[in-house]
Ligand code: AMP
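Here you get one chain, nothing else, as structure tokens; it is the form predicted on its own.
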């Protein structure tokens, strides 16, 4: 790719335990950029050594054993917590600020090679992330000085990495993504049209508090119980931060060792007492069986949902995420689904698929945008509006635009043609509703149901509860229910809008409410007083997103720090 003609778009997998960055090389292949430690993935751990030095990665992770109060990890799990912060040196950091340090490390290491200038990025997130988590992920990129062109669902990225191969045509695929801290499972349908690359999310479910860390925690609990049993001590090892981190670090190491060995021994020492604890792979599987069952419950759920959407046959079962390397995963998935689905699960580029797919998605988006702009210019130069032209004439202009982009350098015509014929279709990962009265009881009436393809809109006409109201408080909620009505207590309030009326309306006067949801999860409400024709429009964002002023202050705060 000619850097003078086209800037690269980089794909970043911002993971709970490990992160990675990828780009598209001159041969059109996705490649991982190794970090300054010559590692292909970077631990998502941040160590605030001092006010002027912030360290991200392997050294930060090792520092947790000796200086745990200055180390923060698993921050991705906190993206949904509006109140979570991390404090050190009299400064307080939000999840997006911590994440920004991780992104800076990835981009900075790539830039140090002299072959990259990371500016435009696609950052991934779990498919079930709501608006708050997605906006926080975008803000993290911006705080890191990056231009975030898209927040992309992780299973979509993995499916792109898998699905843009010829042998993937016409397949329905399950992406079972078990990472270090989160889990999601998604059914993806890949179109069989030879002239198009259609990748569609059918349905997705997930748990942002379920991942490899939970398997580690079971090992830790086992070690503590065995230590207490052998030594007779009732001391709470986990109350000591250094000892707790040391056990966690060893647990992760031992978990990986059990992928190759049948048994391990670990010495546990605390306050002068010692114990040698044994752990077999069978015992480890027993300790974590219920965690695995939680992933299967969500997998069963998406399979049933997929059937209701016309997807009866699954052709491939992809295991993505570093935690799928545990032997129990492939063995138990095969045992549970091998016969019923008639397929064997495949380990698919487990650590790198998401970052590589994000890089490919970024390239596709840039090419489509560039071709679209030039096509519009061609049409305008001929005194025409391209959107009003017949399909065949639009197609001819698009072909001419693709040739011009190729001639401009940076992309080959086949690469451009392949990108232009690629489409990504997503679904709503949450349901969105408005508070209303039903039989005298307050409920949340969902106008958009989760798993509906986006962009989408939902419309319903309600009646005013009483006569002569001057205003209506339109309260909007987000939830995980798949039914029309949801109980208010299990929903998350996104916000409210006051609809001022002209008054003199009788009871049950019609008020139309329309929800519009875009591909990035942004929700717009349009209200219409059908009696007087008066309207209201309101955009809804989750509470907890940083304001522009807070982001400005965070950027000032972060410019005082150096990532090494």
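These figures come from a predicted structure and were not determined experimentally. Residue numbers count along the first chain shown, from 1.
Only in words, not in the display: the form predicted in complex with the ligand, which the text now covers.
Proximity of residue 325 to the ligand in the predicted bound form: non-hydrogen atoms within 4.5 Å are present. Proximity of residue 209 to the ligand in the predicted bound form falls outside the 4.5 Å heavy atom cutoff.
Contact check for residue 95: no non-hydrogen atom falls within 4.5 Å of the ligand in the predicted bound form. Although the partner is absent here, residue 179 is a contact residue: one of its heavy atoms lies within 4.5 angstroms of the ligand in the predicted bound form. Put simply, of 134, 213, 101, 370 only one has a heavy atom within 4.5 Å of the ligand in the predicted bound form, and it is 213.
This chain is displayed alone, yet in the predicted bound form one of 222, 360, 255, 105 has a heavy atom within 4.5 Å of the ligand; that residue is 255. Only one listed stretch (427-435, 399-407, 291-299, 315-323) carries heavy atoms within 4.5 Å of the ligand in the predicted bound form, and that stretch is 315-323.
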